[in-house]
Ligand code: ADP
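Below, in structure tokens: the form predicted on its own, a single chain.
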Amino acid sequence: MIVMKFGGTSVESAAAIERVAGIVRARLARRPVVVVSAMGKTTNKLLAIANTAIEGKREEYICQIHELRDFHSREARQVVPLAERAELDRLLDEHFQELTELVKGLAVLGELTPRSIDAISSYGERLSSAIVAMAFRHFGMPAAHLDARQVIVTDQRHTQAAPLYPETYARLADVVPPLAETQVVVMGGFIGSTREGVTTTLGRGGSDFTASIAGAGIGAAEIQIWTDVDGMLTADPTILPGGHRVKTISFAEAAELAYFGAKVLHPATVLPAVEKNIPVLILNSRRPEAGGTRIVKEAVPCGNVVKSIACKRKIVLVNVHSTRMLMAHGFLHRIFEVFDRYETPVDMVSTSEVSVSLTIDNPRHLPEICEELRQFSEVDVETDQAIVCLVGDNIRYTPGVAGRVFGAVEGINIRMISQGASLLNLSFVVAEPDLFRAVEALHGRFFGELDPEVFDRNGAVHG
């Protein structure tokens, strides 16, 4: 068995779903289990409906719900067999009636809780997975729809739920293989439920995570993430177009890239796959013939020092300084205790005897954090920063990498430098206006020559 995940752009329309059906049909012999995201921007539209409702704009949210239903009906009717049209109408009626009642309740309360956010945003995957299963039957493939909430069991942390792995794996192993013997199993990504059956979500981008969990639970031979780019690239295409495709990369390298902004992969995706040693492939649903990127357990030999350059924008740099803490123990503990109390993750850290610089990407509680930090230190904050992260297994073995990096970006003000304990990455912070210039210079320095076993020169096509 293999798991094939298709993102929102891969199922955004009838034409896109037909393309997906062709890709899946070509792999029927491998007993595919298909995981799909919501169609196009459906999740964003659902959350917009919820926000309109709590603002008390009844006519507007009713209109938005009708538009969303019409969109699903219009695209689905082009790929659902005539014999199942009545079933499609029943499915849409049922889900949109439920959604309307839920939204009316929000309008009365005037409040959007994490639990209600999960309930609202789950409808995208619930609809898309049922529609895609019908479409597969239209295109001549036996298909079974599986509500992911029946098999993905999570804790109660709404909007960022964590899987309860033993129970989830047991359910997946019990339910999926028998279905996959004779049918293509189709399930929605991103959604799960608590032990009590309350709907939860794994966080935005969580469909990749669902695919990895499903693959681990059924012991898949391979997990395929189908998106709209040819795989992982040597640079973020939104910052520097024309990067080269990375053919093969290790789990550890992919995790670093995902964490530091490589958007083709959800950061948590690799974890279940690593534990079960299941290869993950990143592939392009618009160019299925392209080779993609294969993510494997061990790093492959590579002639290049760096595999890829990732970037994380909209970063806030926080500098904490206190001469009173010179030679005093507990300084770091006091700082990070404050960030922990406000549940604000820290990306990068650089320290000296009396100062600490760190970066965060969620400034929601920054005023309160700074107020507490100022009780024992001086604090200054720099907004509109960006992290540039060079990732590659060879960084740990190659002397002089830092010199080559900072030689390439000479003339650009570096605000902070950090090298991870894994030695797989070298990261630094620049002001956002300097980001393109920094990435362009580094890409020219480290990817002028390419190891053909690991890279495909200019093989990238961006959707």
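From 1 onward, residues are counted along the sequence shown. Small disclaimer: the values here were computed from a predicted structure and weren't measured.
The same protein also exists as the form predicted together with this ligand; that form is not shown, yet it is the one meant from here on.
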Considering G192, G188, G215, G231, which brings a non-hydrogen atom within 4.5 Å of this ligand in the predicted bound form?
-> G231
Partner contact for P237 in the predicted bound form: this ligand, 4.5 angstroms, heavy atom = yes
Within a 4.5 Å heavy atom cut-off, is T154 in contact with this ligand in the predicted bound form?
-> no
Contact test in the predicted bound form: T9 vs this ligand, heavy atoms, 4.5 Å = yes
With a 4.5 Å heavy atom cut-off, would you call T269 a contact of this ligand in the predicted bound form?
-> no
Which of 222-230, 135-143, 313-321, 348-356 lines the interface with this ligand in the predicted bound form (heavy atom within 4.5 Å) | 222-230
Residues of stretch 136-167 in contact with this ligand in the predicted bound form (4.5 Å, non-hydrogen atom) = none
